[in-house]
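This document opens with one chain alone, in structure tokens, the form predicted on its own.
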Amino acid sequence: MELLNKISVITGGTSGIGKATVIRFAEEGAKVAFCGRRSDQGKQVEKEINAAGYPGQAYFFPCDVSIEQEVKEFAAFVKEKLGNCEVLFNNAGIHLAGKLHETPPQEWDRIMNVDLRGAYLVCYYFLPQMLEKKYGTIINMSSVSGLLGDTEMVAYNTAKGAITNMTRCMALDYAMDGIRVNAVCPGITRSEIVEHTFTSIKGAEEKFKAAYPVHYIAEAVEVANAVVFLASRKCDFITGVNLPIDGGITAHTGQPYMGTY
């Protein structure tokens, strides 16, 4: 078991990649505290995981990562209930489409408050626990959209681009403290938001499959598996990496395929 008894924290853990990672951490023996805004859903996930007989255990705490006081209380809960955090997966995030002139200031602020400031706040309140322990690993949630540009997604891409470089800076700043910082950069992955896109926009799923070299949509557990790897002691020499989990899409120049020459 890669994470046996590791005190782990996952934000946005009630659905999608977050939930899949809570499950994988519990399978690997971690003591995992996870948060989310939807209390009923969080309590149900906690109940399901703890009833499954995994070697690890899950603990839900209601928290909106964009609200500083709630993040502060979440960090205090983890320290009191489990001890100092050793593994942090900064997963919580929201998505927003639109060109810049179509993005009202309040919507811009909303995505920055969750996707970027939320990650900052969580790191700010949990890093002291890792510094006290002289050990820790942080995995931030970026995206292929934090590595390259997309059309009509300027706010989301800006937030994820900031996470990408924040990851590099943190890796440099905390290397001598025994703390590694990396990020995962998923491509298209099945989630509530993605499934809504597929059902509301005709042909969307087929277009995404065609765009990716592997021609399929990733399952949440495929990203969760990468998070488990980055959290494990098998990769103590890996820090400052923004890892694409993208079916090869960022390997492509974007030029059209012209068939056999």
Partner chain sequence: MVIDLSGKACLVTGASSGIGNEIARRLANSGADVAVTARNVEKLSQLTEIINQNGGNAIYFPVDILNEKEIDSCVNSAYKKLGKLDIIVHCAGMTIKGLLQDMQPTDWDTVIDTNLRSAFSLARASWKYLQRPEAEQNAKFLVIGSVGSFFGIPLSAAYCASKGGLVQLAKSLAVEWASQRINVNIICPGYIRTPLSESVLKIGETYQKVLSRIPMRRIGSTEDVANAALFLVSPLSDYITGTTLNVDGGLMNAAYTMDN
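All values reported here derive from a predicted model rather than from experimental measurement. Positions refer to the first chain, counted from 1.
Here the subject shifts to the form predicted in complex with its partner chain, a form of this protein not shown in this document.
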Contact segment among 173-181, 126-134, 73-81, 93-101, judged by heavy atoms lying within 4.5 Å of its partner chain in the predicted complex: 173-181
Partner contact for residue 202 in the predicted complex: its partner chain, 4.5 angstroms, heavy atom: no
Contact flag, residue 45 vs its partner chain in the predicted complex, heavy atom cut 4.5 Å: no
Non-hydrogen atom contact residue 51 with its partner chain in the predicted complex at 4.5 angstroms: no
Any non-hydrogen atom of residue 214 within 4.5 angstroms of its partner chain in the predicted complex: yes
Listed residue that, although its partner chain is not shown, lies within 4.5 Å of it in the predicted complex (heavy atoms), from 40, 236, 192, 206: 236
Site test, 68, 86 and 113 vs its partner chain in the predicted complex, non-hydrogen atom cutoff 4.5 Å: no
Residues of stretch 16-32 in contact with its partner chain in the predicted complex (4.5 Å, non-hydrogen atom): 24, 28
